[in-house]
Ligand code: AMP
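Heads up, the chain below is alone and in the form predicted on its own; it's given as structure tokens.
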């Protein structure tokens, strides 16, 4: 099976802005976020659909989502999140590797930029790295 972009990220072949990780999952900031803090949680097990994951990986993936929410809630002072899965290409999945989007939702006037549409400009890798470091320390 050909390695996906996310498998290459999980294995460290492609750099990422890590948020957190567990034995069976890895979480990193989306380089083209819907909102600041938009994080992807992926299983280390390569599988395109949730139903193809082992029970252990499915359970661990949700533990990863909760851990990411914990960290994002501290950084963005919110307990509200959009949590989304596009399970397969017809559902809008762009990378054929199961992943969960965790997007913090907070008040727009808290001096943090929030985008209503996906940012199509060049990723701000410096900002992503700074946020990554803060989130890893939580």
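Numbering follows the first chain given and starts at 1. From a predicted model like this one, the values you see are computed outputs, not experimental measurements.
What comes next is about the form predicted together with adenosine monophosphate (AMP), which does not appear here.
### Query
Which one, 89 to 97, 45 to 53, 73 to 81, 59 to 67, holds residues whose non-hydrogen atoms are within 4.5 Å of adenosine monophosphate (AMP) in the predicted bound form?
Every other range fails; the passing one is 89 to 97.
### Message
I have 35, 102 and 132 flagged as a candidate spot, so tell me whether each of them has a non-hydrogen atom within 4.5 Å of adenosine monophosphate (AMP) in the predicted bound form.
### Response
Zero of three within 4.5 Å in the predicted bound form.
### Task
Would you check, heavy atoms only and a 4.5 Å threshold, whether residue 26 touches adenosine monophosphate (AMP) in the predicted bound form?
Judged by the heavy-atom cut-off of 4.5 Å, residue 26 is well away from adenosine monophosphate (AMP) in the predicted bound form.
### adenosine monophosphate (AMP) contact at residue 106 in the predicted bound form, heavy atom, 4.5 Å
No, residue 106 is distant from the partner.
### Message
Using a 4.5 angstroms cut-off on non-hydrogen atoms, would residue 9 count as touching adenosine monophosphate (AMP) in the predicted bound form?
### Response
Residue 9: contacts adenosine monophosphate (AMP) in the predicted bound form.
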